[in-house]
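Here we start with a single chain on its own, the form predicted alone, put down as structure tokens.
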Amino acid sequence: MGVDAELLFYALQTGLLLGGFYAAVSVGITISFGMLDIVNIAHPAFIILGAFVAYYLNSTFGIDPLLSLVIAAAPAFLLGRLLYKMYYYAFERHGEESLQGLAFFFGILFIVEIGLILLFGVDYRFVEAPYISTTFNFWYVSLPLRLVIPLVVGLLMVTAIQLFTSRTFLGRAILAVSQDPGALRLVGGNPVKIKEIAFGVSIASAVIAGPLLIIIQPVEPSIGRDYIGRVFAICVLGGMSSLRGTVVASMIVGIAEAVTATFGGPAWAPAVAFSLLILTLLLRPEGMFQR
């Protein structure tokens, strides 16, 4: 096997592993932006918030990052519901959710980021766990657990949300409110309450993705900005409200970034998501999959 082929194989392998993590990072945007039409530009800030929760619990109490993921889920869900209530009463019920709502989430983004800087400073932080430095090698396949675990958790997260939205009454109500809120009212549903719960799930998924991120790499408070274009690109590329599309688009973005970083240099990798977003909007604005 030639050197270029080996590099390509390594890039494809890394991209697939990253793709599972990107699915975990982006599924919340698929819910908030794709299903609820809420442009939550602060979504990556909650990912970083989850990462620092994992860092604090790990450095202070020795709690495993994967356990912190479970600990943070319920408070994050409640936080998401509170944020939606604020958003609804301030903007959505007045029909001012476009520009004003976007400014609201920009404000949340900077509040979270500045709060983390005040608490933890601007240095990179990392967690300690025995599996972070463990790698399994099979022939040409190298499987670092710090990437395998986020892949598995990410795919399980998307699968759980898919089952929730397709097989439960509340989940189907979330799909209904994304398609026809008026019809939901006719059968006795409360669109505002349903959207509140759905947004809580969206924020919880972002916070859950945080410990996965800090398992992969050290983090600092402003690193969430790197994910703004990435998560929206994955959402649009996948078909906005399609969870299956989110997984496929995440894999595409992960592979494209890994190949670009391997052959073009890491500095070009962040441009991949924006390029895919622009191409999708130009060539297939409805995305690859439609619900």
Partner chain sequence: MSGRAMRVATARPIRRRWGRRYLLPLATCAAIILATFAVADSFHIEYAYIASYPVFQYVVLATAWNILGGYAGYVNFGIAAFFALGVYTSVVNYLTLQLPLPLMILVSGVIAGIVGFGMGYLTLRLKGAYFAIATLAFAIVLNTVFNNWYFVGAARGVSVLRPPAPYFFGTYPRYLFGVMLGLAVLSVLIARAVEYSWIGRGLATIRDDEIAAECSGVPTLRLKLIATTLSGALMGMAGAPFAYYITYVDPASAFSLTTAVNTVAMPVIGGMTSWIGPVIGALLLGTLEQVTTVTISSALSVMLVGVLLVTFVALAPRGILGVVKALWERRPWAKP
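Computed from a predicted model, the values in this text were never measured in an experiment. Numbering follows the first chain given and starts at 1.
Missing here is the form predicted in complex with its partner chain; even so, the following discussion is about that form.
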- [ ] Spell it out for me: taking its partner chain in the predicted bound form, does every residue among 74, 191 and 209 have a heavy atom no farther than 4.5 Å from it?
- [x] no
- [ ] Using a 4.5 Å heavy atom cut-off, state whether residue 225 contacts its partner chain in the predicted bound form.
- [x] yes
Open item on the list: Can you work out whether residue 113 and its partner chain are in contact in the predicted bound form, taking contact to mean some heavy atom pair no more than 4.5 Å apart?
Closed with: yes
Open item on the list: Test of understanding: in the predicted bound form, would residue 91 fall inside 4.5 Å of its partner chain by heavy atoms?
Closed with: yes
TODO: Check whether residue 179 has any heavy atom within 4.5 Å of a heavy atom of its partner chain in the predicted bound form, and answer yes or no.
DONE: no
Task: its partner chain: the contacting residue among 156, 99, 82, 143 in the predicted bound form [heavy atom, 4.5 Å] - done: 99
Task: its partner chain in the predicted bound form: contacting segment from 161 to 169, 100 to 108, 146 to 154, 132 to 140, heavy atom within 4.5 Å - done: 100 to 108
Open item on the list: With the partner left out here, which residues of 268 to 282 have a non-hydrogen atom within 4.5 Å of its partner chain in the predicted bound form?
Closed with: 268, 270, 271, 274, 275, 277, 278, 281, 282
